[in-house]
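One chain comes next, on its own, written out as structure tokens in the form predicted alone.
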Amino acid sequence: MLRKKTKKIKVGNIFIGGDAPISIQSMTNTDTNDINKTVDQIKELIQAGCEIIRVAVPNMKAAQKLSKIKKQINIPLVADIHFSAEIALEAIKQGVDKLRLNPGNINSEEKIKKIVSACQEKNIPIRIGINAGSLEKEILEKHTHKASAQAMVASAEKHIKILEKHHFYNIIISLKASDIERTVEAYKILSKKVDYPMHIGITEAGTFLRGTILSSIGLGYLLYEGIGDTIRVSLTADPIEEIKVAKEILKALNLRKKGITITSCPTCGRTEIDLIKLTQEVENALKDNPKNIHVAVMGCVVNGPGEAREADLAIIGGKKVGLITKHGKIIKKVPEKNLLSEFLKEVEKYEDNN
């Protein structure tokens, strides 16, 4: 994978674009006015691996709470704002690290200038967030009233020009639809035209299963093509699940190495241990382990030895027993009832640089 070189933008204490790692972000689903609940959820998301957090700012009251939220977290805080320049200006005053808005829905050149000036003063970037479901009427009219990929790109270009007119280039862009085809096409078209960093995602992707599938295919394709500098997996689920899925997408593409990678077989009639239960237990036990190691949990000797050679540590199932291997070499033969505990001991002892 040859990643497209984009402009490097500073967001709080991290960078998006350029040679910066692809960052993982999510959005709270709490009432932003409730500072304690919002901060508690953000801290849970940070523990899960979230690196940038966005909060909805629907009114001035919520905007005025942002500094109190920011003081209690250690990752960049993004304010999600629509229509109101006044709320945007208050969010900037409160010290947010990035704005998500569409300059086109501010509807006042003078107000846009004020937002741009305030962002320039504090070096705050703006994400132009284009959604297929909320394109401008004039854009839709020019594209036969269809929210096509071309219409999404036209909307993004319009908003980019508004900011660039005021000499503002601290820009990140997203172009999201609820289906893979339009989303991928829009990003591919615009990526050839601009070098601004891309925030990628499939919007309104659905519940956990469907949303995970759509996001994995769509984001996986874009990332494989070198497009994408930060990602958000949108799920109708606990935001923690968004972080888990995003991490696995990046790990599957070998774009991020933090955390344990687990290979496991799908089971078949040859399996003589409870492999499904064992694999789930291994996954649960290691989900927060920061070690960069590859483990395999295999059900029998058909593919087990081959996968074990490629893994740092592995279990190969037998008849109510299992072999534990390290770099393909057998180190223990263990009764099934002790497999989990003995395997976790080996993980604990394992050093990343072995």
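Since the structure is predicted, the reported quantities are computational estimates derived from the model, not experimental observations. The first residue of the shown sequence is 1; numbering continues from there. So that the term is clear: the rigid core is the largest set of C-alpha atoms that superpose within 1.5 Å between two forms.
The next section is about a form of this same protein that is not shown, the form predicted together with another copy of the chain.
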Query raised in the report: Looking at 249 to 257, 87 to 95, 158 to 166, 118 to 126, which lies within 4.5 angstroms of another copy of the chain in the predicted bound form, counting heavy atoms?
Result: 249 to 257
Query raised in the report: another copy of the chain isn't shown here, but in the predicted bound form which of Ala48, Ile35, Leu286, Ala56 has a heavy atom within 4.5 Å of it?
Result: Ala56
Report task. Could you tell me which one of Val245, Ile172, Leu190, Ile231 places a heavy atom within 4.5 Å of another copy of the chain in the predicted bound form? Result -> Val245
Query raised in the report: Quick one: is Ile73 in contact with another copy of the chain in the predicted bound form, heavy atoms, 4.5 Å cut-off?
Result: no
Requested in this report: Give a yes/no on whether Ile69 approaches another copy of the chain to within 4.5 Å in the predicted bound form, heavy atoms considered.
Outcome: no
Query raised in the report: Quick one: is Asn29 in contact with another copy of the chain in the predicted bound form, heavy atoms, 4.5 Å cut-off?
Result: yes
Query raised in the report: Should Leu214 be counted as a contact of another copy of the chain in the predicted bound form, where contact means heavy atoms within 4.5 Å?
Result: yes
Report task. Tell me whether Ile24, Ile52 and Ser108, taken together, all sit within 4.5 Å of another copy of the chain in the predicted bound form, counting heavy atoms only. Result -> no
**Report entry** Contacts with another copy of the chain in the predicted bound form, stretch 74 to 100 (heavy atom within 4.5 Å)
**Finding:** Asp80, His82
Requested in this report: Align on the rigid core first; then say whether the Cα of Gln280 has moved by at least 2 Å between the shown form and the other one.
Outcome: yes
Query - Arg270 C-alpha moves between the shown form and the other one by 2 Å or more, core aligned - result: yes
Query raised in the report: Would you say Glu44 moves its Cα by 2 Å or more between the shown form and the other one, aligning on the core?
Result: no
